[in-house]
Each structure stands twice: as C-alpha cells, then as structure tokens.
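There is one chain below, alone, in structure tokens, taken in the form predicted alone.
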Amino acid sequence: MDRQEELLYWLWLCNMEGVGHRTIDMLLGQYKHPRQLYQAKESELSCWLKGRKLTQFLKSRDMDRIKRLMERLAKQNVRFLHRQHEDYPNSLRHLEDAPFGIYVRGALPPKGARSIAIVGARQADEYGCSVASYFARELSNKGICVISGLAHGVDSAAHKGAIEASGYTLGILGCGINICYPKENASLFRAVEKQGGILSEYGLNVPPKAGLFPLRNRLIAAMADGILVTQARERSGSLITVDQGLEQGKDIFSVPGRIGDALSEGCNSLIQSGAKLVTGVWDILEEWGWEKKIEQKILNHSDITLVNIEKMVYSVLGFEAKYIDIIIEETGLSVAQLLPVLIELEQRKLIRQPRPNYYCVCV
C-alpha cells in the first residue's frame, strides 16, 4: 500500500458521520489499520456495530467521495496528517484521545523548538492585550513558538505579538480548518498561516460550536511546553486549557492582576493554586533553564534617551491607557506643556493612543 492510498483510508476514518471517537478506537483495536476496517465484511462488523451505527458505517464506505475530499483539501492548501504519519506531532500522540488525523495549513512548529501557549479572556482589556502581545513578542525573540486559539482578545494579541517579532505562531481552531472564527480575524488568520501554521482536528466546513472549543483546548495544551495565562475571569474558558495542561504535566504560568478586578480573578486564583507568577519573560525562561545574564523587566527602556520632561511623562504611563487629564494631574504639567511631549513620544513610537486622548506605552 503506497502513502497516498494509506492517506485515503485514514481520511475516510476521520470523516465517518454518526460513528464517534470511542467506537472508532474500539474498531481499530480489532482491525489494526483503517484499510482492514474498510474492507471488513458486514457480518463481521455486526459483532461490533448495531442499528444506526452500522448503517452509517456502511454508508461511509465510498472511496470516490474520499478522493474528492482529498482533492478539495489540496486546492485549499490543507495537509491531512494521520496518527501514523511521520509528520504527525509527537506531542499529540501522547494524548489519551489523540485525534486520528489533523488538518494543517502552513507549517507545524519546528521539531525540537520550545513552545508556549498564551491564553486568556476574549473580552480582555487594553492592559491584558498589551501584556499578551509583550510576552509573545519577547518570547518569539528568544526562538520560542507561540500557540493560541485565534479568538478575540488575548489570543489575537498573542498571535500579533509573535508576528511583529517575525516569530513562529500556531493557531489551533475549534472548527473546520477552512473556517475563520471570528470572521473579524480574517487578516490575522492569513498572517498566522503565512508566518506559522493553523491546525484543526476538523475538516472542511465544520462550523464552530460551543462543545468543540473545550476539545480544541486539549490540543493547545498538548502542543505547548507551558501555558501562560495573561488575563482571565474566575470561570474563564482559558482555565480549561490550564486543567488540560496540568493533566499533561505542562508548566503553568500566570500574570498577576489587580485585586477586585474580575478579569484578573482567574490569574490570581491560579497563582494561589501554585502557578508560577510571572512579571517578565525571564521568569519563564529561567524556569526552562535559560541563564539570566541581564536583568530584564517590563517597560525597561534604559537605552532610550529622553529629556527630563519626557522622562516625567513617560514614567507615569504603563500598559493600561490613561486619560490625558490623569496624566496632567500626575505630572503637574499644563495642557500646553504636555501636548508637545505626547506628540514627540508618539512619533518616536514610545507611546500610543489606543483611543483618542488615552495614552499607554508601546512594548
């Protein structure tokens, strides 16, 4: 049996309607290879499958349909990898419920490279997104792959940070490999595919459903060496990824948040439960054996030359955007004194306006 024929049988196995993962796993235990299962007689199969399941199974045995599906995947630049394929990620093989096959656009992470999953709230505020982008960018600069779920909020910020650093980033979907969800992330979807890769255990046109995302989270955890939560509510879906990671023996990192902030409750709770508190990339790198040669902190811009008034304005800004009246109050400057400084710092790309008259640092 050549490689292409083997791919077809595995693709058939992954596209049977009405036959679940556990049933397929049981059948593979009996027949060892999808081709043997495909060729099994109905009288044999009736020992394992009954009623509607048997009917659905027999109906699925249409190799012309599978060949057409393979052609459609190829036209959309989608690669199908089954469990026994040499390029199937080893990190997924160890899962108890490892996908029988996965669909990939772009490239998988380089073999042997460290990777981190950066996850958090879909409704993350400017601070949460800035922190996610910062960690993604700085870790990418160290050659670490950034993994996330291409959702709103923290996920998007993490992918963007890795892209800004020209690093590798992997988006793992809870829907079909050809579906961008949310639709607003279409340009990011394309950028992630171009600079890294997109992975799903679901084939073409599988719509996003609530029940698929917790299943997706186990793949995010499996593909990463560690999981970083930058901002999350107490009952955040991101904590499902953490739970999966703990079961798989992954390192868990969490960025502390403000007391009483609903978007920080999940992060603070993780730290109380034993997650490593991180305030900069070296907290993660040291955990992984990097030798710390230079102390690095978030917002450490010692190489920036600023005059005194610029230093004063810059020093009161952080990740979280401040309204101009607050900056005036904290610096004691007049509007006439402050505005030229803000314009200068913005032109030098040291600060930015996420919305009119609100300023934060660029990190």
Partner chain sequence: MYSKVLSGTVHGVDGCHINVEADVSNGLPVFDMVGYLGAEVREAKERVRTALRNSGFSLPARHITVNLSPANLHKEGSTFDLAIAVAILSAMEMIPPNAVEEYVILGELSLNGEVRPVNGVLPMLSYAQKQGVKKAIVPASNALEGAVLSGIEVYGAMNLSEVVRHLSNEKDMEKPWEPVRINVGQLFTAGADTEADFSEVTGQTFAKRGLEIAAAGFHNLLMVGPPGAGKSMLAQCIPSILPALTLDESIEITKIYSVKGLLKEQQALITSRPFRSPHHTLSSAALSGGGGIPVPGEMSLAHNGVLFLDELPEFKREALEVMRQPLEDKRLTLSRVHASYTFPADFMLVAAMNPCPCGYYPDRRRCHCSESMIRRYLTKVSQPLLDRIDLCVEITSVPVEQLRQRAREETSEQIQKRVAMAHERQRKRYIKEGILFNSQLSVSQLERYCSLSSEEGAFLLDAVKQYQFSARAYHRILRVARTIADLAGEQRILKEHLCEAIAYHNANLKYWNVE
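Residue numbers count along the first chain shown, from 1. No experiment lies behind these values; they were computed from the predicted model shown. For the two forms, the rigid core is made up of the largest set of C-alpha atoms that agree within 1.5 Å on superposition.
Keep in mind that the form predicted together with the partner chain is not shown, yet the notes after this line are about it.
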Exactly one listed stretch (275 to 283, 209 to 217, 91 to 99, 119 to 127) reaches within 4.5 angstroms of the partner chain in the model of the complex by non-hydrogen atoms, and it is 119 to 127
Just to be sure I understand the contacts: of E320, D62, E330, E44, which is the one whose heavy atoms reach within 4.5 angstroms of the partner chain in the model of the complex?
E320
Find the only residue in K160, K250, R83, R79 having a heavy atom within 4.5 Å of the partner chain in the model of the complex.
K160
Please run the contact check for L54 against the partner chain in the model of the complex: heavy atoms, 4.5 angstroms, yes or no?
no
Does N15 reach the partner chain in the model of the complex if we count a contact as any heavy atom within 4.5 Å?
no
Mark I324 yes when one of its heavy atoms lies within 4.5 Å of a heavy atom of the partner chain in the model of the complex, and no otherwise.
yes
Find out whether any non-hydrogen atom of L263 is located within 4.5 angstroms of the partner chain in the model of the complex, and reply yes or no.
yes
Contact at H152, E344 and P356 by the partner chain in the model of the complex, all three, heavy atom at most 4.5 Å:
yes
What residues in 102 to 119 sit within 4.5 Å of the partner chain in the model of the complex, counting heavy atoms only?
none
Once you overlay the rigid core, does the Cα of Q39 travel 2 Å or further between this form and the one not shown?
no
Did G18 shift 2 Å or more between this form and the one not shown, C-alpha, core superposed
no
